[in-house]
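As a starting point, one isolated chain is supplied in structure tokens, in the form predicted alone.
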Amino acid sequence: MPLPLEKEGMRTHCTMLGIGHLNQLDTYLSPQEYTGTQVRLLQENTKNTKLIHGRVTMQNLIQANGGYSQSRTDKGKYMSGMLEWQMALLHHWHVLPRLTLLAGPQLGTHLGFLYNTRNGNNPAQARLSADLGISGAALYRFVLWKKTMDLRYQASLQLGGLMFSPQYGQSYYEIFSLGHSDHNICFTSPFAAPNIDQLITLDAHLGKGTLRIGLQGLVRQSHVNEIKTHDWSFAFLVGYVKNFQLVLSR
């Protein structure tokens, strides 16, 4: 993420790859928790806009992950995948010469699946939701070993939205083939579906390039239609940042 107000039209593209720990629960498929490994691809695009006299940064995050986990008894295994898009408009305040705070609304959509290799009936669960939340970040620039560094902490919280969920014991055949729907589109809130994202990144400006390393923790959790789910993950990320400025003719 570029420091806001550095230059008009400044944009940043960053692609990061990561790997980390995964803890999953879905009582529609199994009452047990599954633990394993998740690989993650994160694409972040930001740009400084002209909104509110140039004090708003737009951030787009696209995340794709795949996971493989197993139960404690090692008899059941999960395979999972998720694609997420989040867009935030972050107003910024320069509270100190090197410190900038940002906060604003965030829109998110999530599409994925969870497959249990052991189940014969109802072996898979679909993940589909959309939500509106808030996001906040702190950016700090400093110099270390004669190199410019940018340290960021960002956290996002879902406030409300919609998600798809079958009833406990209801099959997908009943929903989609027989048309027996039963409150399968549910309203969500921080109480029914607390979704929290946390991201820490460090940018090291090395010559003409910028190396980014980071730590990301994701909490995806819900309790609707008598079904409890959670996907807790923590990953180490590394990637490359590309900064450029659009030059527009007047």
Partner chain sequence: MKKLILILFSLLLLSACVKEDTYDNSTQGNFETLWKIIDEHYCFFDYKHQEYGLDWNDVHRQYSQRITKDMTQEQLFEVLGSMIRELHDGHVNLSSSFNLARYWNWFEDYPANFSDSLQRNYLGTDYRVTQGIRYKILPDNIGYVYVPSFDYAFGSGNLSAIFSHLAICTGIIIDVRNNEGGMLTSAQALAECFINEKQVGGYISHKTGKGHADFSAPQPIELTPAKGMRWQKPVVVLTNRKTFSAANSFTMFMKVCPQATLMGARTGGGCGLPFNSELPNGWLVRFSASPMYDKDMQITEHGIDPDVSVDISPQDWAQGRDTMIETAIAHLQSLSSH
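Positions refer to the first chain, counted from 1. Everything numeric in this text was worked out from a predicted model, so none of it was measured.
The form predicted in complex with its partner chain exists for this protein as well; it is not shown, and the discussion that follows is about that form.
Visitor: Which one of A126, L107, L83, A103 is close to its partner chain in the model of the complex, taking close to mean a heavy atom within 4.5 Å?
Guide: By the 4.5 Å criterion, the partner-contacting residue is A103.
Visitor: Where does its partner chain sit in the model of the complex: which of 38-46, 210-218, 59-67, 23-31, heavy atoms within 4.5 Å?
Guide: That would be stretch 23-31.
Visitor: Please state whether all three residues R141, L202 and F234 have a non-hydrogen atom within 4.5 angstroms of its partner chain in the model of the complex.
Guide: Negative, none of the three is within 4.5 Å.
Visitor: Should K146 be counted as a contact of its partner chain in the model of the complex, where contact means heavy atoms within 4.5 Å?
Guide: Looking in the model of the complex, residue contacts with its partner chain do not include K146, since no heavy atom lies within 4.5 Å.
Visitor: Test of understanding: in the model of the complex, would Q170 fall inside 4.5 Å of its partner chain by heavy atoms?
Guide: Within the cut-off, so yes.
Visitor: Contact with its partner chain in the model of the complex for G54, defined as at least one heavy atom pair within 4.5 Å: yes or no?
Guide: Because no heavy atom of G54 falls inside 4.5 Å of its partner chain in the model of the complex, the answer is no.
Visitor: Heavy atoms within 4.5 Å of its partner chain in the model of the complex: does L178 have any?
Guide: Yes, L178 sits close enough to its partner chain in the model of the complex that at least one of its heavy atoms falls within 4.5 Å.
Visitor: Output the sequence-ordered list of residues from 100-134 with at least one heavy atom within 4.5 Å of its partner chain in the model of the complex.
Guide: If the 4.5 Å heavy-atom criterion is applied to its partner chain in the model of the complex, 100-134 yields A103, R118, N119, G120, N121, N122, I134.
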